[in-house]
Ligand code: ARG
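Encoded as structure tokens, the following chain is the form predicted on its own, with no partner shown.
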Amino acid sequence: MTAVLPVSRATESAVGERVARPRRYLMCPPEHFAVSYAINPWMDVTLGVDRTLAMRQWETLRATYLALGHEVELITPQPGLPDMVFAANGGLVVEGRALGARFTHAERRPEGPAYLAWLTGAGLKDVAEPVHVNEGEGDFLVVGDLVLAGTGFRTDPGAHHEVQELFGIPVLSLQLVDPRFYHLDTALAVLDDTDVAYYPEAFSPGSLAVLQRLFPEAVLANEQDATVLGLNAVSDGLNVVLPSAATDLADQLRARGYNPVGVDLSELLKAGGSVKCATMEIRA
């Protein structure tokens, strides 16, 4: 897919009724990125990664956000934490309050304190250390006044209750069943406050029925686009930044009045991550 140029604020009104809203994002440069262990089906320690290419692709993503008018803050990467680039997993921030992360796998557990320290110094109203295992925005996606919460591979269901009690907003649990889509943000993308896109086969029958009931007009991704992590996307309400290989999904989004912006994060894909994985939203 050819990358689509960002739509400027001056031309927003010409693109249907979609309106982009400026966002504040946290990202982590992939200075120490590697696939040195395997904790999901995407990771193959025999393949190796090109860290220089990974950094260049990541910089393109950061530049894309800046060109779209968003604020991007950086956390300092730490040696020995190759997956720290996946900032989305570091916590959840809603209305200026934050819940830190507690990782499932030992290899990633030190990321929790690192992200908690950043959140503590970010000028937020309140920052809570988690009780239950949760992997931040990997499994918690905010859709308007609702949080969709994934479980099945990483986040403990107890964390769903923890989020509801901390933030005082409804939390809806969704069961993931395909290990390729181990986090909710690999199987579902939030497009605006009422609209999502998802891959149906990633969910249990009951969870799929809930999604169909809540979002009857949702964009449905095919397996080809899902398996390039096309749903690991970031939307500002108009511009949807997604992997450039997800061509059919981009066409569907364009038909709905969104502006798909394709980026290539092929190196991060080797670790099972893409656009959303690399991006935490700081909702002040």
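For every residue, the number given is its place in the sequence shown, counted from 1. In this text the structure is predicted, and so the values were computed from the model without any measurement.
Missing here is the form predicted together with the named molecule; even so, the following discussion is about that form.
A.B. asks: Among the candidate residues Val219, Ile39, Ala245, Met55, which is the single one with a non-hydrogen atom no more than 4.5 Å from the named molecule in the predicted complex?
C.D. replies: Contact residue from the list: Ile39.
A.B. asks: Which one, 176 to 184, 208 to 216, 119 to 127, 163 to 171, holds residues whose non-hydrogen atoms are within 4.5 Å of the named molecule in the predicted complex?
C.D. replies: Only one stretch qualifies here: 176 to 184.
A.B. asks: Does the named molecule come within 4.5 Å of any heavy atom of Asn89 in the predicted complex?
C.D. replies: Yes, Asn89 lies within 4.5 Å of the named molecule in the predicted complex.
A.B. asks: Is Arg102 near the named molecule? Define near as a heavy atom within 4.5 Å, in the predicted complex.
C.D. replies: So Arg102 does not count as contacting the named molecule.
A.B. asks: Look up in the predicted complex whether Pro260 has a non-hydrogen atom within 4.5 angstroms of the named molecule, and give yes or no.
C.D. replies: Flag for Pro260 set to no.
A.B. asks: Looking at the partner-bound form in the predicted complex, is Leu265 within 4.5 Å of the named molecule by any heavy atom?
C.D. replies: Although the named molecule is absent here, Leu265 would stay clear of it in the predicted complex, with no heavy atoms inside 4.5 Å.
A.B. asks: Using a 4.5 Å cut-off on heavy atoms, which residues of 265 to 281 contact the named molecule in the predicted complex?
C.D. replies: Counting only heavy atoms within 4.5 Å of the named molecule in the predicted complex, the contacting residues of 265 to 281 are Ala271, Gly272, Gly273, Cys277.
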